[in-house]
Ligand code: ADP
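Below you'll find only one chain, the form predicted on its own, shown as structure tokens.
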Amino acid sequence: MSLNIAQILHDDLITPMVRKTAYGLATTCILGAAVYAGYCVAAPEKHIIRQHRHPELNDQIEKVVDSLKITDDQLIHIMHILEEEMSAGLSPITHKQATVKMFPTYVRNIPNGTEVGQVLALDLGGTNFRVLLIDLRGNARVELTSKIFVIPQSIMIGDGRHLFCHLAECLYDFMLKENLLRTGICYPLGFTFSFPCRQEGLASARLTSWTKGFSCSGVVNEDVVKLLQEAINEKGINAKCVALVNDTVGTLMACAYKDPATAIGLILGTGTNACYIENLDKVGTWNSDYDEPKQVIINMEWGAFGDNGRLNLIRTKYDEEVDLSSINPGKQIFEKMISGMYMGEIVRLIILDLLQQELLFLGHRDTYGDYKTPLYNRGGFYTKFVSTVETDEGIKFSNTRRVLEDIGIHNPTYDDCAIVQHICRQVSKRAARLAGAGLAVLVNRIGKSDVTVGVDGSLYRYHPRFKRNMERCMETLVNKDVKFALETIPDASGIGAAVTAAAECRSGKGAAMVACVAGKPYLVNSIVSDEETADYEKINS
């Protein structure tokens, strides 16, 4: 005869203790079943993820991310290739066909910190444009007033005359606010123009190609200093452009004003470029005198490294897609693997690829078909998001969740956040290692025991790990008997243009108006302020 639980519990042979235990077990089973059922109803996404998140998915994700990893041996090979491309750019025989152009800048006098005077500076190097009034006080002391202006997209891709008229109007507005107009003084002006140029003199340079999203007509092969000065004259502005440098050269010069060991300049922002001090006897394209100092700063234009296909061994399908969808396909290949204009887009393409392979955001596949969300639109994942995601520590992923919400991903799981952060770290680490390998080539080439690299740019300044990853890479690749240091100077590119003009004045060559401005009592007391906002927030926005 079978017995049920109730019969057992009422059996006189069962002790009260056993009855209590049996009741407890029955109650626990019922409550446990109810809790589990409630969990499945309330959290169906997690339940689904447990069913579909197989161990092999991690291997599939890692296979995608592994395509971004570059070994030390590969970096050494890339360094050799870069050295060959540099030699091609410096040779008069191969310069025309070279992808890394290695332009002599005609900047030969490096500052020593004693330069003095007030100089205006214009800094055009990306989506932002800055106007600065710089007071060089000597003893490496600098004071400045500056203001930032935005370049509208319509001007970036429109008629070149409109661009230079816009720059002149911004300069006029700044000088009006600072009471510099119609003072009877013609202010010397340094122009930081951060685009590939063929320099023909300290204040003469012809644009060879647009980069960083610019494509203004009627400017390529034209003297940009002449175009700027014509726009300044039309506005009746009392300023004269006496020196042109790019942001990379400006960064080197600004850093050298405070640290005489500076021999390299590097920009890591919307775009990327490098320059360094080269001996004249190694510059086959040099067409000027060989007087002292027998050196010149070389503007590498290394963003174009790989335009001839020599970096294809490390490019991924995501790099290829970024290139094909850009306004200059096949150009600036190295830059597109490193700089702030493209880093966020690489991350976005990887996220989309994993989503389409059902390796990311599992349980949400049916809800993510809104192609109006940023995730599905080019440029929708800003490079500043990469930095934001990488600042997350621990398991909460509060920053990552906020970023994913911004691009249209709601209620991401822990796994989703961890994978997105992993992607961001690998993309930025690859960029830092490539930049570090390029710097290692220059540090080794210069051959001094102590070399300082002046670095500027929003990507370098605001990314939480970029500097550390670069330094670790360089420690492996730089000759062991060489000490190197990476230094940043606020407003480096703008200050550098002024320092360049002042250094020429000190040498007795050109830019003589600096001497006319320096020392006037009513010009010495400049108000120190900086209205600039971080251009990093503007990248890709």
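Note that residue numbering begins at 1 and tracks the sequence as displayed. Keep in mind that this is a model prediction, so the values were computed, not measured.
This next part talks about the form predicted together with the named molecule, which is not shown.
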| query | finding |
| --- | --- |
| Accessibility of shown form to the named molecule in the predicted bound form, site-C-alpha superposition, 2.4 Å backbone/C-beta rule | blocked |
| Triplet 270, 340 and 459 all within 4.5 Å of the named molecule in the predicted bound form via a heavy atom | yes |
| Heavy atom contact within 4.5 Å of the named molecule in the predicted bound form, the stretch among 353-361, 107-115, 225-233, 383-391 | 383-391 |
| Of 336, 433, 130, 463, the one that lies within 4.5 Å of the named molecule in the predicted bound form (heavy atoms) | 463 |
